[in-house]
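Shown below, as structure tokens, is a lone chain in the form predicted on its own; questions about how it binds or moves come after it.
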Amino acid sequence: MFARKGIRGNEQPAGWLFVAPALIILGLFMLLPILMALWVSLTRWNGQGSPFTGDVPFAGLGNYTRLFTDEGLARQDFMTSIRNNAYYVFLVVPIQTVLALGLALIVNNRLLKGKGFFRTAFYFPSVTSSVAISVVFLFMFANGGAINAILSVFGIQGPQWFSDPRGLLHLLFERLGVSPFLTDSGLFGLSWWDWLSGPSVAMCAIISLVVWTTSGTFMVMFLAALQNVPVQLEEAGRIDGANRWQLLRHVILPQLRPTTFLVITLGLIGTWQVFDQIYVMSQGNPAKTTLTPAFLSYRTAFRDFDYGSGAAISFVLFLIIVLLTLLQRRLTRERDS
């Protein structure tokens, strides 16, 4: 029997007893696999036998140094995936955040009729299978697909979406008559010209798909936050003579700051982990312009049977996500202060 302290006694043992099942489950199915994967990232396991026997060669930090310091295809592929994913994040996160906020403002309009229909229509892509939508977008962005047919109506010749490896910035430089530059120097095995390629047209197709499917989820978050904004604040702003833009900027957006931080954080995590759209639509092609760290980790481990390097890529990706999240949190705190 627990020793009693005060009126309700000592509740600490009882509390640990109640949370013990959850802690055991999390430890067995999340913490333990993470530790096992961390050990695999320090070995040269090829998938045969158990990675926890003495027969598996120990690589130490070799799988990690290959990604940053060693000259070779491993570092080139990893840096290419980082470049592709960085452009992907740079475009997807702002666009989906702004679009989600705009949709939430439209649906939250008190004068809008049929709110239930629009909420369902905007949110429906978020609950649809990503694989199914990816297949549909493959047909839409095919050379003779609906997107190129619509562009042809306006006299625009659509690109070969999943065959052209050139980036948007490279295409812009070609239109401006700028020849390739900074090709002799670079960083981490890629020339500066390669770093400045911009997202490929194939990546742009994937970006449009992801923005369309994720904006509905973030719209629901913004909508819940908008409905918690006191009406008195908006009325006070109107009495002071504020127009719609001033109300949005000085009254509504400051109230949405916690939700905005959540949306951007979830967007950063999700975009750096993009995998299923890449797997279904491009497999990293054309010319590795849609290769991402998540897909590269899968390909290295399950196709090249280099499980150590694949696990190392996963942990580097995890570290990137954590650092960017902490940086965003710090910037948000400084702005609030």
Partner chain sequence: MIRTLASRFLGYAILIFFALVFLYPFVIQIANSFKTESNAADNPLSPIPSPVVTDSLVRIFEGTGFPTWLGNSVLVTVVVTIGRVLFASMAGYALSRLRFRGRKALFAGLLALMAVPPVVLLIPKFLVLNQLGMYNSYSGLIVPLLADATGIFVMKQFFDSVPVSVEEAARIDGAGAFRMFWSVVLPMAKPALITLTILSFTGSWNEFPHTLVSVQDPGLFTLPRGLADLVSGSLGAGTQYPLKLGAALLATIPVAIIFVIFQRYFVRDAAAGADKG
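On a predicted model such as this, the values are computed, not experimentally measured, just so you know. For clarity, a rigid core is taken as the largest C-alpha set superposing within 1.5 Å between two forms. Numbering follows the first chain given and starts at 1.
The form predicted in complex with its partner chain is left out here; the points below concern that form.
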| query | finding |
| --- | --- |
| Heavy atom distance at most 4.5 Å to its partner chain in the predicted complex, all of Thr128, Leu317 and Thr325 | yes |
| Partner proximity in the predicted complex: Gln273 to its partner chain, non-hydrogen atom cutoff 4.5 Å | yes |
| Contact label in the predicted complex: Arg175 to its partner chain, heavy atom within 4.5 Å | no |
| Touches its partner chain in the predicted complex: Arg119 (any heavy atom, 4.5 Å) | yes |
| 4.5 Å heavy atom contact, Arg244 to its partner chain in the predicted complex | yes |
| Residue (of Ile252, Leu103, Met79, Ile207) lying close to its partner chain in the predicted complex, criterion heavy atoms within 4.5 Å | Leu103 |
| Heavy atom within 4.5 Å of its partner chain in the predicted complex - the one residue of Leu268, Ala311, Val56, Leu67 that qualifies | Ala311 |
| Which of 149 to 157, 234 to 242, 187 to 195, 88 to 96 sits within 4.5 Å of its partner chain in the predicted complex, heavy atom basis | 149 to 157 |
| Sequence-ordered list of residues in 220 to 247 near its partner chain in the predicted complex, where near means a heavy atom within 4.5 Å | Val220, Met221, Ala224, Arg244 |
| Residue shift check between this form and the one not shown, rigid core fit, Gly284 Cα at least 2 Å | no |
| C-alpha of Thr69 off by 2 Å or more between this form and the one not shown on rigid core | no |
